[in-house]
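Below sits a lone chain in structure tokens, taken as the form predicted alone.
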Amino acid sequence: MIEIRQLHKHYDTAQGRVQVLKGIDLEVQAGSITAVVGPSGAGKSTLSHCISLLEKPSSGQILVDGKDLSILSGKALRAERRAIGTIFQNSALLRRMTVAENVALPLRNLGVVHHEMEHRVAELLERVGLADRANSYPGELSGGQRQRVGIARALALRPRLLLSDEATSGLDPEATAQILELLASLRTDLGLAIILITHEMDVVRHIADRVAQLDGGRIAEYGELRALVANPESVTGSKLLPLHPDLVPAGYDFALTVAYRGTQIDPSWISKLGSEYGATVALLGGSVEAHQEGTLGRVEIGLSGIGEARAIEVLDGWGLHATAHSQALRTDKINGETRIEVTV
């Protein structure tokens, strides 16, 4: 398990002190994946460098299995840093070394004997599905294959934490899916704690257990992925499953944001509102998709023929969390039809 406690990082420049991280608290259990997301300049890269101890925090603690790595230096730091494996955005492979030599590099630096090193490298390449490319060079591999070599190298010293810093950025969808499948299997099979630093919300939805939204050097929002998506008021949840509401046809009384809260949601819930409660329903937009722990979903609907409070009560009983909008209504003519726009 990794614990980050009150982590601060500042830089002293000619223009004065720049505070980049401002009291980060984060905990990642073994066998779980936490994604750290946020806009450009939020502090994601600095946080990554501090966690991997490529940069020393200005203050705060980084504890792996209870041991504070942030206070170490020199030989002691190098020894304990083995607990953290890092996957870089561009894989950071050495071009003049073969795949096997790249994976073996941390083992060679540690002084592992040759036959043990060969066995470990073969084991790792088998693990990432590249046993047949041991003697290839990075330039002969695809981007996804190079990233898998990077993962094998990050695992060489049997870390307890795997830090993935934009590891899927720039990869095509098929390669991204393969990397995520590999990370998920490592989380399960090896019990690794994984921190996934990324700007790709599709990646977060696919694999993360928990999500931390970094903004202005602070964690603005943090929680289980399903809970964030199921909360219509969550800013992070709205980014994970963004809604693009259409114009509401004239005659609808109000609009709701409906989030999937339960794990077993009847897919016919929209039609049931009409058949069982006499409601007229307009589907304005939404996103619903499968997740490892159930269904993730956020949907916008327009309603009439049923009261707002009653609709929310009914949906709650079905495992759906509904929130009414504050509406500013504007009538427009679209293709000759009068419509009302709902501004949320």
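Please read all numbers here as calculations on a predicted model, not as lab measurements. One rule holds for the numbers: they count along the sequence shown, beginning at 1.
The protein also exists as the form predicted together with a small molecule; that form is not presented, and the subsequent description refers to it.
S.K.: Taking the small molecule as it sits in the model of the complex, is G41 in contact with it (heavy atom to heavy atom, 4.5 Å or less)?
M.R.: So G41 counts as contacting the small molecule.
S.K.: S45 versus the small molecule, in the model of the complex: is there a non-hydrogen atom within 4.5 Å?
M.R.: Looking in the model of the complex, residue contacts with the small molecule include S45, since a heavy atom lies within 4.5 Å.
S.K.: V20: heavy atom within 4.5 Å of the small molecule in the model of the complex?
M.R.: Yes, V20 lies within 4.5 Å of the small molecule in the model of the complex.
S.K.: Any idea which of 62 to 70, 32 to 40, 294 to 302, 279 to 287 reaches within 4.5 Å of the small molecule in the model of the complex, heavy atoms considered?
M.R.: Within 4.5 Å of the partner lies stretch 32 to 40.
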